[in-house]
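First, one chain by itself: the form predicted alone, in structure tokens.
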């Protein structure tokens, strides 16, 4: 339990300290140190969960489902901090942000990690909602960091759309609390996920079904599901690149985690009714539409960060579809895809940050010849796109293959739509990749010092996961699949 409390509270302490540290150099190293400490404590926590099964206490609940997301969050936070320290120092030297705003950046970086870790580990559904709202506020300040008109507009759009979404999620949470009042011996436990899950069969089915509609739309806004996805491309394109890495790699996972937790309650409440699969069908519908729309929109992008933000929407739609199908194979595929997508997409955004510095622009048409002037960055972009497009033997291919197999088994007529979306997304990514990597470099384009360590580490992990999943990770995913799908993998 000490490891759990340290994992959650370290970013909070780091944010408070970094808010008053004036030295940019010291702040960068402190930010990295707090992220490293959080990663170490999360690994200790994972070991405890692996040994004991789950940890409960102090209104926290950690099991196989959320512990691997906790480790993923701290790991990506740490590698992003490695990239962030020299990158943001360069941004400050270029005059994009003042040293005072750099204090805000470092404080909000840690605050963002704190809210996500709290959302993942809390047992209280009200605290979950507050944590996701806190993450929204932290990212609003990060998106608007550069204070350009475009950045302020993107932050405002993000705040309004996600504010509407989180309000709907609050109403859905209230409905869940209402449904629990006559089912629980102690009505005050109406926001405890463990208490609700234990008595889910006695929750009012009609109220829970209505609640899930609000919860899916509300938290689905944070996931980036169509049609409330418009905030995501703007936030990515106008905010600092390290924020894009943690936003796409982590926050979207947290929102989807919340949806899946509520789906588990709804499935239990509706198990013996004629609408037993309504939650899964809703997730399948929203997920498939988001996947197809984002795949098509990849062909219309002119900004490299916007292009990869639509790729994030595409993959989040795929994960939502997988959890909607349910069943052991689809659930395992969704869990694995959450992992490999986070690692790959955060690596891509780190690479894109270096690309935009080398080219001096985010406009795709003006980015040319990366592999000629900066081979490490060019190869990072090439391999990152190959990984996210589902090339074997990268882990994304494995999770997508498992999802296709599950779809062919449960909903065979939808397999063609998935294949169509994958082909369209593949074409959308690679139509722009070749000139950016192999095209003729503009005159005067010079190489810059690029920290590609996080990119190499992430892509190596994704490659390794595509070849063989370690036994301990397979055990985690198996246990999480059993918890979510309610049956063992065959």
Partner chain sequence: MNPTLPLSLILAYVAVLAALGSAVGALATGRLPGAKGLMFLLLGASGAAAVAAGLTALASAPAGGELPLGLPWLPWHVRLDALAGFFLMVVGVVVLAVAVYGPGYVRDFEHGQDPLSVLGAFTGLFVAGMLLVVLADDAFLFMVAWELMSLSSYFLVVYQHEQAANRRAAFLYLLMAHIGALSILLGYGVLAAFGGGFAFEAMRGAALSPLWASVAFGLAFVGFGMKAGLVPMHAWLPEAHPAAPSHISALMSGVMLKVAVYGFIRFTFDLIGQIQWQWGVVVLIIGSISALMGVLYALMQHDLKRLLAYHSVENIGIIFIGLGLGLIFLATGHPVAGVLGLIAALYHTLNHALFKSLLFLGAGAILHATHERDLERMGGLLRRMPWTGFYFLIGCISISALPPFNGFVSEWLTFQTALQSWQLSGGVLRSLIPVAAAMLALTGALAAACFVKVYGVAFLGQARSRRVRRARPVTFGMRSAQGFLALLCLLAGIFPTSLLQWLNAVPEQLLGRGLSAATAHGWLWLTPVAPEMASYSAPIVLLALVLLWWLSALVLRRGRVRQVRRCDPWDCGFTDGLPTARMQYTATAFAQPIRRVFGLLFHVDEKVEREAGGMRHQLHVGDRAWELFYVPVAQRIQALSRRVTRLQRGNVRVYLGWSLGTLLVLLWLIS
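Positions refer to the first chain, counted from 1. Keep in mind it's a predicted model, so treat the numbers as computed, not measured.
Keep in mind that the form predicted in complex with the partner chain is missing from the display, and what follows is about it.
Peer 1: Is residue 466 one of the residues lying within 4.5 Å of the partner chain in the model of the complex, judged by heavy atom distances?
Peer 2: Residue 466 belongs to the contact set for the partner chain.
Peer 1: With a cut-off of 4.5 Å between heavy atoms, is residue 160 one of the residues that contacts the partner chain in the model of the complex?
Peer 2: Residue 160: contacts the partner chain in the model of the complex.
Peer 1: Going by a heavy atom distance of 4.5 Å, is residue 99 a contact of the partner chain in the model of the complex?
Peer 2: Looking in the model of the complex, residue contacts with the partner chain do not include residue 99, since no heavy atom lies within 4.5 Å.
Peer 1: Are any of the heavy atoms in residue 412 no more than 4.5 Å from a heavy atom of the partner chain in the model of the complex?
Peer 2: Contact with the partner chain, yes.
Peer 1: I need the one stretch from 450-458, 38-46, 422-430, 62-70 whose residues put non-hydrogen atoms within 4.5 angstroms of the partner chain in the model of the complex.
Peer 2: Among the listed stretches, the partner-contacting one is 422-430.
Peer 1: So which of 257, 146, 397, 193 reaches within 4.5 angstroms of the partner chain in the model of the complex, heavy atom to heavy atom?
Peer 2: Only one option qualifies, and that one is 397.
Peer 1: Among 264, 402, 358, 92, which has any heavy atom within 4.5 Å of the partner chain in the model of the complex?
Peer 2: Answer to the contact question: 402.
Peer 1: Taking heavy atoms and a 4.5 Å limit, what residues of 292-317 are near the partner chain in the model of the complex?
Peer 2: Stretch hits, in order: 293, 296, 297, 299, 300, 306, 310.
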